[in-house]
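First, one chain by itself in C-alpha cells, the form predicted on its own.
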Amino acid sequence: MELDTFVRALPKAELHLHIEGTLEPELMFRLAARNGVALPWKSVEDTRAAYDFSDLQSFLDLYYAGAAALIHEQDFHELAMAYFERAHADGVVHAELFFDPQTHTARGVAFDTVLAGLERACADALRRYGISSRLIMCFLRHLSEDDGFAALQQAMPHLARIHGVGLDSSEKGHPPSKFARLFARCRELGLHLVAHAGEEGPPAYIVEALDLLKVERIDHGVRAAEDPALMARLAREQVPLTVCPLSNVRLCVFPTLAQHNLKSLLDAGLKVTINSDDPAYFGGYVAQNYIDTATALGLTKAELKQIARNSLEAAFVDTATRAPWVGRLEALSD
C-alpha cells in the first residue's frame, strides 16, 4: 500500500489542534468581508507570503490578527466544519479541539458565541463524518493568571460542554508554575488538563507541567530530549506527547524535518503522537504531518501504526468508544 493511502487509512486521533489555527486565508478574507473587518493584508496571496516565521512569537502576531475575522457563531461553525472536512479525508476518527476564548472575548465576542459555533460543528461532524470530538479551552499564558481565572469564570455556566483546559501562546518567560492555582481549580472541577511545554521553553517547563499543574498530556514536549532523567520518566509513566512536526520546523524549533527528534523519542519508548497544531499556517494537516515525517525520518508502517495507536490511547474517551478504532487499526494491513 502506498504511504499516502496507508496514512489516510490509519484510524487516528488529533490531540493538538488549535481551531483558530485552521483559518485558511480564503475563509479569513470571506469572513472579514462579510463582517466588515479590515485585515492587515491586501489579498490571500499577501497573507500566505507573510507566513514566514522566525519563532513562535512572529507566528502568534499574525495568528491573532487573522482571528479578528471571527465574530459570529456562524463564523466559528464554518471554521470548524472546514477543519472536520479535511480531518475526515485524513482518517481522523476523533479530534480534541483547542480554542482560545480570551482571544475573542477581548474583542467583545461573547464566550457563548464561540462555544455555540464550535459545539454545533462538533455535532454536525459526528453526524456527517462519524468523527467524535472534545473541546479543550486554552488559557493564554502571556496573560496573567488572574485573566485566566476571569476566563474560567466566564466558562463556568458552560463547563458541561467543555472537556478540558490547556495552556498555550508564548512559552518563553511564562512557565507553567505561573498558572498553578488556576489549574488546581480546574482539577477540582473535574476537567482534563493538558499544557504546552518544552517547545521553545526548557525541559524544566515539562517537569513543572507534570508536577505543579498535574497535566495528563504534554503538548509538544520535544525538548525533553535534553534531560535524560525526564526522558526516562516520560517513558516510564507513558505520558502522551502531542508532537507537531511541521509546526516545529516552521517555527524553527528544528532546522529541518530530517533533524526532528520524533523517531528518537519513539525509540526511547515515549508515547509520541503526531498532530498538526495550526495547519493553515504551517503547511499541512495531520495526514501531511504523518507522511512528511515518515519520509524525512524513515518511519516504518509499523511505527506509524504505533503512533496512531498512541493517539487513540491518549484520547479523552472511554474504553467502549476507543475499542472499535483500535480494532480497525489492528486489522489494517500494510
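Predicted model only: the values in this text are computed from it and were never measured. Numbers follow the displayed sequence, beginning with 1.
What follows is about the form predicted in complex with a small molecule, which we do not show.
Contact with the small molecule in the predicted complex, judged by any heavy atom within 4.5 Å, is made by just one of 53, 63, 29, 41: 63. Note on the partner interface in the predicted complex: the residue among 75, 90, 96, 168 having a heavy atom within 4.5 angstroms of the small molecule is 168. Of the candidate stretches 271-279, 299-307, 66-74, 29-37, only 271-279 has residues whose heavy atoms lie within 4.5 Å of the small molecule in the predicted complex. In the predicted complex, residue 217 stays away from the small molecule, with no heavy atom inside 4.5 Å. The shortest heavy atom separation between residue 285 and the small molecule in the predicted complex exceeds 4.5 Å.
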